[in-house]
Ligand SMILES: NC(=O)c1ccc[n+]([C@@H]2O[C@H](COP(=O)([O-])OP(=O)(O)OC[C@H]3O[C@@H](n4cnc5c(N)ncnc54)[C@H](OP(=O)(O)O)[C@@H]3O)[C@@H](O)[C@H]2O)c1
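Only one chain is shown below, in structure tokens, and it's the form predicted on its own.
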Amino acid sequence: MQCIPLFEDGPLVGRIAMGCWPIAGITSLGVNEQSSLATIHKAIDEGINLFDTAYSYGFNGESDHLLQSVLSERREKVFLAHKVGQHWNAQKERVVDARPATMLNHTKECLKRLGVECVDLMYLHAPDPAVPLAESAGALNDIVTQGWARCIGVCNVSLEQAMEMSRHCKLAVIQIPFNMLQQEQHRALRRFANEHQILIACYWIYMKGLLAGKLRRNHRFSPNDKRLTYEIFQGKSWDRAQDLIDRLDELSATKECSISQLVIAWSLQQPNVDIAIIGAKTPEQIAESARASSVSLTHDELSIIDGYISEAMR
């Protein structure tokens, strides 16, 4: 597993991290405690040491509680990235709440759930339109000052928001969605991140499973599948995406890897993509993703893939 410092003189974390949203069991089907715990253990066995969770990963902190079970046995193998600033209300509706008092209270609750005194990275989950970014940044500074986190990050921000946050706190990581079919936010932020020595961690690498190669042209979605609300899963966009998958399938065969491993390898070879956060709910899924660290693409192969992507985006 390739590793990089999380911050200057900080711990070395793997460039492939496990995203813990699926094991929260809110949108992922077929989630159970036994498989989720086995998935976390398998991730560690495969060399993954960075786990990405959040206060809102589970209606009652399910992701944190699962991690706590593993931490009690393998704490020295795990670095934790956490997020505050969102929660669920009594109606199970997501609420963005980045008021300092809320962020501090939720941090204390998260640490209790995890059974730890400190996490390695604490993010603002998303900007709160009702709260100035300076106030949310101040809360993150307080979290570090209290010794509850070692460094600060921010998720789901525009360039302007990232710049504003950086004026009020020292950012170590910016987390954004990024994949072959969604690169705009990364393009907007990568120069700023590079100039300020801020890592970029990316989620949605598989575009909700599409780019993992598991949802092929003849896939039949459940009418309740929320992915159907995304344009990429409908009509001509779906057909063009499937053309891309077909071509990635051919290239992955020559590389003797899976489509999903090819997608991760491509992602990690993009400028200023430092960490790929890969969600998983089974040991088999996380093992396949972790082994993408052994896949390397040549300049010509990267160019070929970029051509495929351009055609899919027309």
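All values reported here derive from a predicted model rather than from experimental measurement. From 1 onward, residues are counted along the sequence shown.
What comes next is about the form predicted in complex with the ligand, which does not appear here.
Note on the partner interface in the model of the complex: the residue among 113, 150, 87, 208 having a heavy atom within 4.5 angstroms of the ligand is 208. Only one of the listed residues (193, 139, 155, 180) places a non-hydrogen atom within 4.5 angstroms of the ligand in the model of the complex, and that residue is 155. Highlighted residues 20, 125 and 277: every one comes within 4.5 Å of the ligand in the model of the complex, counting any heavy atom. Although the partner is absent here, residue 57 sits close enough that one of its heavy atoms falls within 4.5 Å of the ligand in the model of the complex. Proximity of residue 289 to the ligand in the model of the complex: non-hydrogen atoms within 4.5 Å are present. By the criterion of a heavy atom within 4.5 Å, residue 204 is counted among the residues contacting the ligand in the model of the complex.
At a distance threshold of 4.5 angstroms between non-hydrogen atoms, residue 281 is in contact with the ligand in the model of the complex. The candidate stretches are 72 to 80, 239 to 247, 142 to 150, 212 to 220, and the one lying within 4.5 Å of the ligand in the model of the complex by heavy atoms is 212 to 220.
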